[in-house]
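We begin with a single chain expressed as structure tokens, specifically the form predicted on its own.
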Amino acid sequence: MGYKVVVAGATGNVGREMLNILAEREFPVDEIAVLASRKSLGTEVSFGDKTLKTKDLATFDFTGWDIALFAVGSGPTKEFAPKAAAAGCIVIDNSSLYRYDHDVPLIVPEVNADAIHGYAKRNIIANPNCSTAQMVVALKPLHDRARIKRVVVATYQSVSGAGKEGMDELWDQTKAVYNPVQDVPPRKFTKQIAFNVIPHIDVFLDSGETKEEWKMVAETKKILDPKIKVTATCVRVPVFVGHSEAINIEFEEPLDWQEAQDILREAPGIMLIDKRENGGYITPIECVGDYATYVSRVRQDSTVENGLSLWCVSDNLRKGAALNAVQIAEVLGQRVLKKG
């Protein structure tokens, strides 16, 4: 016996990936509904070998459905997620709306799967920010061994994190560089993204941080450990898919790089590719379409006591969004619903 599953936002980048991953991982689906806004009504999407037509999110009745994966942004989520939850359908939300709600668990299954039972307060579970998700997967096994005091992270985030408009803008601006007659001014981003990097993701806060940077701090504390100090600089780079992070970690206890490699090699969700030679590391283009969070460049940081530095790469549309949501659904099935 399987589950009745809803995917809301099925025509977007993340919604389509959710459908792909549900099929790839053979999630036990008895029935599936794909929802979109009225402007995308009737659009066809693929689920395994099936072609499905989207239904209207605004009029859909969630009664009798088990799990709803939401990938529609904070606005529609605010309106429709509570309706789904009230109808008895457990919502797994990819937006930022519920991440900081004390009554909503924020889950990365490799890190804090035991928090899943907190869903019962609101019938909602939050999916973390894409940049946070891959980082805490890499940090968790090291934290268990040597207790992390402080993290300094610089991100190199792909344009797919800004949706289809971001990908289109990079593509159009790149073509325009070779066609002087064509001019493609920034629309989605604040400056030209082609052949450039932009140290600005989301809005600026009074502290001088951007909200993306604040998210990484707040979410790491909620998912992993509130005692960890985190500072982040989040940068948009001209890469279509795949987020990269340079992470510097200060521990309470000594941990040498060889032991860290051994720990990471055995940790769930991580693929260690770390040879100290040309090409002995992973770049974002190599992680596209994969489930793993890749770690490379593990090395000692001699500027602080008990310090390590590493490089972390993941497909942001997968582990950073759709894959993590499906993994949460799998944990729900194994520990709570127990149908499949």
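Note that residue numbering follows the sequence shown and begins at 1. Just so it is clear, the model here is predicted, and its values are computed rather than measured.
The protein also exists as the form predicted together with a small molecule; that form is not presented, and the subsequent description refers to it.
Of the residues given (G73, P186, P268, P82), G73 alone sits with a heavy atom within 4.5 Å of the small molecule in the predicted bound form. Out of the listed residues L332, V14, L22, A325, V14 is the one that sits within 4.5 Å of the small molecule in the predicted bound form by at least one heavy atom.
Using a 4.5 Å heavy atom cutoff, none of M135, V137 and T293 lies near the small molecule in the predicted bound form. With the partner left out here, the small molecule still marks one of 172-180, 227-235, 156-164, 246-254 in the predicted bound form; by a 4.5 Å heavy atom cut-off that stretch is 156-164. Taking the partner from the other structure, the small molecule in the predicted bound form has no heavy atom within 4.5 Å of any heavy atom of P105.
Looking at R99, you'd find a heavy atom of it within 4.5 angstroms of the small molecule in the predicted bound form.
Residue contact check for N94: one or more of its heavy atoms lie within 4.5 Å of the small molecule in the predicted bound form. Residue contact check for L57: one or more of its heavy atoms lie within 4.5 Å of the small molecule in the predicted bound form.
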